[in-house]
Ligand SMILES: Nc1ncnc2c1ncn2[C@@H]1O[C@H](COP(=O)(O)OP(=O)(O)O)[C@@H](O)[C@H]1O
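Coming up is one lone chain in structure tokens, specifically the form predicted alone.
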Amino acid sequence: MGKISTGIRGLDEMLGGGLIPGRTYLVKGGPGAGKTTFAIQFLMEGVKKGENVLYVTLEEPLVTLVEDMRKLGFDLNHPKFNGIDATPVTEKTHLFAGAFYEEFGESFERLTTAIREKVEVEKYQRVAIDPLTMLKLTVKNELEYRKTFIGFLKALSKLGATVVITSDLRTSDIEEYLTSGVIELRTIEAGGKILRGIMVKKFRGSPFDEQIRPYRITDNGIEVYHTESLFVE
């Protein structure tokens, strides 16, 4: 079975070569764990391979993100990189070349429809939604959210896109069951230092490394040390 690279050094080795294309994966982590960096790194790997990619931001405005990611060497103004800015409060500027703007506050279904339509028309090979936590706030009924989310995943699957969805650690139980894989970014304070560990909790269709491995957020993005173990005294 062919796989695609996440763009993250060391993680591909944990996954036995990378992600299975055309499926949806959940990346969980607390504040500052590197979820957004993970999503961008995954997309920019696709850009390097000549793929069209789509980033949907629900929390940090695209303009701010462009500046932050530039410091890590990621040029989000690349013509292959497109974004949907669905942050609750944002100025509809044109500083980001490939930007679309969507109001998601009134309807989760409205935004998911917009994403499906853009993937269908533009044939995006990779999509990242960051973070899903914000979307859940728009749906009060848990059953309605589940139905909408399942329909969304099925639609993207039919279009062949490989999707990465980020979420925090506390509100992603349903998504763990419905997605094809779960990657967790953990931060642990020990001895006055922050230790970072990455764990593949689930990966359907392929064997994977079940150990927690250390990782760092460097000037070039996330690096995973797949041959090392994370020890805490």
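Quick note: we count residues from 1 along the sequence shown, nothing fancier. Remember, it's a predicted structure, so these values are computed and weren't measured experimentally.
Form predicted in complex with this ligand: not shown, discussed below.
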* To do: Report whether the minimum heavy atom distance between residue 218 and this ligand in the model of the complex is within 4.5 Å.
  => yes
* Does this ligand get within 4.5 angstroms of any non-hydrogen atom of residue 50 in the model of the complex? -> no
* Contact between residue 164 and this ligand in the model of the complex at 4.5 Å, heavy atoms? -> no
* residue 34: touches this ligand in the model of the complex, heavy atom cutoff 4.5 angstroms -> yes
* Asked: Are all three of 16, 186 and 230 close to this ligand in the model of the complex, meaning a heavy atom of each within 4.5 Å?
  -> no
* For the chain shown here without its partner, which stretch in 42-50, 199-207, 26-34, 175-183 has non-hydrogen atoms within 4.5 angstroms of this ligand in the model of the complex? -> 26-34
* Which one, 139, 159, 72, 132, lies within 4.5 Å of this ligand in the model of the complex by heavy atoms? -> 72
